[in-house]
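A lone chain, given as structure tokens: the form predicted on its own.
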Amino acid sequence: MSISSIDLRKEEEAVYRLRDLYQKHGYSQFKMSKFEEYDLYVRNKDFLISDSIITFTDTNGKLLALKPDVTLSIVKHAAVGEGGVEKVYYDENVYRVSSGTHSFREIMQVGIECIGDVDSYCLSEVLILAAKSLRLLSPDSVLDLSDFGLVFDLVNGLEATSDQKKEILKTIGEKNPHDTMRICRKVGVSEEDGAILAELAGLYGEAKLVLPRVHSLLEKKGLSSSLALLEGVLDSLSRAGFSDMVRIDFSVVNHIDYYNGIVFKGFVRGVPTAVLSGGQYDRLMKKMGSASKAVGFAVYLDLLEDMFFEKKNFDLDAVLLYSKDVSSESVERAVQDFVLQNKSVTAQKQIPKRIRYRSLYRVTESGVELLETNA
């Protein structure tokens, strides 16, 4: 049975299509418990979208948490042999404060993780799947791409304290060239280095327009060869037909204790914040005691729920009223007729409360009579 013949909510349809996409690219499903040891999240709070976590004490006295994230659990349970790569996808409910409601919600999150001996092909594959995921959600979507490793190396090479470097990275992440330059001057960074970082913070656009300028900036520091990683994934995305939706944006920066290399965010029209986020997180692997590399992304369906997915005006297409004098066979036949027309229907002896229906019918032994319609 095709997905088009199933009456799914838009969110469920999106999950179905994303799962199918990942399965076809050889990713196996990762299933996890609803909770993990609280300590896992406490030690990696900076990695989480929200540090608000629902906790409870198990019968053995151990403190557990309803999972606010999936990636940490995948990393914890990953078992990759030398030279191997584990490719998994997930569609799991996570429990955290929603950015829309600012209260705890059960949120459906979909994504993929690639862990192990991650090479340039694995990285490109994940980026292409991110682009395909966005296209499945909306034809009007954009994938913003950055090399955080490059930005980090530039900032890390400055004569500044750790806190000052973090402050500079923060202004770059806020796409605030003025403050980037101001702080660089304040802490004694050279005018040239400050100008390079400030311009990188403000650069945004298609690769063919932005890359030449980035090359020019990095040549001043003898670092133009550092663009090889970014250019490699851009070439892969171009060959896959996604160059029109890819933008270079060096303001895409993630936590320095966890991420390295390529990082990215995905946007769809009508949603003011990123609905997809990912990148290379080798530093997280190292922090959790693994020598493996890793790259992945998550799609945040809660951000799409109210602003992207269409709201139905009706809960059901039809309500069929029948009396005790009507045979079960007549009611069954009437219900089946609507189901065969791919319409949602309920048979009731009286109009149900709190259900919005498109049409109201009466079932008799001789057939079905339309009583009213709200279409």
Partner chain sequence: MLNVALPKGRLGERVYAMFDRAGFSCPQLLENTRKLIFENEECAVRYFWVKPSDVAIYVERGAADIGVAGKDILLEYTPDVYELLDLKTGRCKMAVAAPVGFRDDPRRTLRVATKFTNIARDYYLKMGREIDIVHLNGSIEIAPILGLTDVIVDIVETGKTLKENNLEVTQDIVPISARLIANKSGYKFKNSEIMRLVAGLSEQLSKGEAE
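Positions refer to the first chain, counted from 1. Every value quoted in this text rests on a predicted model; they were computed, and no experiment measured them.
Below, we refer to the form predicted in complex with the partner chain, which is not included among the displayed structures.
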Only one of 295 to 303, 175 to 183, 88 to 96, 148 to 156 has residues with a heavy atom within 4.5 Å of the partner chain in the predicted bound form, and that stretch is 175 to 183
Non-hydrogen atoms within 4.5 angstroms of the partner chain in the predicted bound form: do E125, G232 and V246 all have one?
no
Partner-free chain; cross-checking the partner chain in the predicted bound form, the single residue of T71, S141, S277, N260 with a heavy atom within 4.5 Å is S141
Exactly one of Q109, N254, S251, S133 comes within 4.5 Å of the partner chain in the predicted bound form through a heavy atom, and that residue is S251
Can any non-hydrogen atom of V268 be found within 4.5 angstroms of the partner chain in the predicted bound form? yes
- Item | Any non-hydrogen atom of F104 within 4.5 angstroms of the partner chain in the predicted bound form | no
4.5 angstroms heavy atom contact with the partner chain in the predicted bound form for P212: no
Close approach of P272 to the partner chain in the predicted bound form, 4.5 Å, heavy atom:
yes
Across 196 to 222, the residues having a non-hydrogen atom within 4.5 Å of the partner chain in the predicted bound form turn out to be G202, Y204
